[in-house]
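Only one chain comes next, encoded as structure tokens, the form predicted alone.
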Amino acid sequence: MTMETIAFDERKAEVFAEKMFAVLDHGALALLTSVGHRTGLLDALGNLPPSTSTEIASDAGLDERYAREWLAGMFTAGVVEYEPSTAQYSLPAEHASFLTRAASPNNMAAFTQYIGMFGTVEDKIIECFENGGGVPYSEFTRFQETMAEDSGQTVLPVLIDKIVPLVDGLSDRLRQGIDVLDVGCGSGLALVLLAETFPNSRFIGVDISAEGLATGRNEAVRRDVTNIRFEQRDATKMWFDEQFDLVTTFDAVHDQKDPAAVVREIHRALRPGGTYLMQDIAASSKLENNRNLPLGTFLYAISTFHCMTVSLSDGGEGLGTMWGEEMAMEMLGKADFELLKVTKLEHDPQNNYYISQK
């Protein structure tokens, strides 16, 4: 059968055209939402009664003309409501419950920041499509800040009460005092919280980012947490030998230069019987299984614009965000880990939590 004999489906074309119109609107909405989050406009709307653009801009400490244009876009998107007779805008409580910092960990506005951030490296990504290679961490503006806020929603609010109890008896052991390593700790906020909560345990955070480590050190000093230190190390060559009872990674393995080497180094760092707790993306290694995955397109975009390319920039494997649980379990097995369980938390359907033992 030739292409000429295949009938052109006009209705299918119309449906797809409508989808692409929606893509343009939704892409624009993502950028406007990110602006609203970063400027505090969404938080202001969440706290104010119906108000004029002047009142909203004043509350947020912003220029009225920009705030008014932003409000117009958010009104046409159906996010903000507008009353013409009073020229007042309002954010329904049902919308605020997913768009304000007060709604954390359900604040979806925080995640829209990725769209604008990735736009800043689009030209460099295009060059990689043409020539290969990758874009290094240093090219991503605000990456550590955005990831810290991401972790602040998915990890920090539930770290002590939900994540730690995933490992049987871990809370008691941490209270008694053990040695803990967090690999790829970024800004170190999760580790600082653990160290603050469990003062009898000892904590080390390692990362390749000097910027992230500086944030962690400053936060530890600010909160007077002394049972913690941060070290700049290559996760594939940490050189720790059976020094830790617990190792954690939070969304930090798949974008490494050599993820398998990182997992082997984690195994090497653990004492016999030690525990490895890994949070990573809940996806399949088989593309066909991700067809209807919630946020699947978003996650592949994150992979293209960040996780895959930063690994390739360092001559790495470039596994990408969507490496999948099948590959993750295989990698843990090859590193001689005993996988005890893989589970999810209700607030975080995007991630798996792998509990393994040496």
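In case it trips you up, residue 1 is the first one in the sequence shown, and so on. Since the structure is predicted, the reported quantities are computational estimates derived from the model, not experimental observations.
Keep in mind the form predicted together with a small molecule is missing from the figure; the text below concerns it.
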I'd like to know if residue 89 sits close to the small molecule in the predicted complex, meaning any non-hydrogen atom pair within 4.5 angstroms. no
Taking 4.5 angstroms as the cut-off for heavy atoms, does residue 240 touch the small molecule in the predicted complex? no
Taking the shortest heavy atom distance, is residue 111 within 4.5 Å of the small molecule in the predicted complex? no
Does any heavy atom of residue 234 come within 4.5 Å of a heavy atom of the small molecule in the predicted complex? yes
33, 39 and 79 - do all three of these have some heavy atom no more than 4.5 Å from the small molecule in the predicted complex? no
Just give me the single entry in 71, 147, 174, 181 that has a non-hydrogen atom within 4.5 angstroms of the small molecule in the predicted complex. 147
Of these, 215, 209, 107, 284, which has a heavy atom no more than 4.5 Å from the small molecule in the predicted complex? 209
Exactly one stretch in 182-190, 98-106, 79-87, 115-123 has heavy atoms within 4.5 Å of the small molecule in the predicted complex; which is it? 182-190
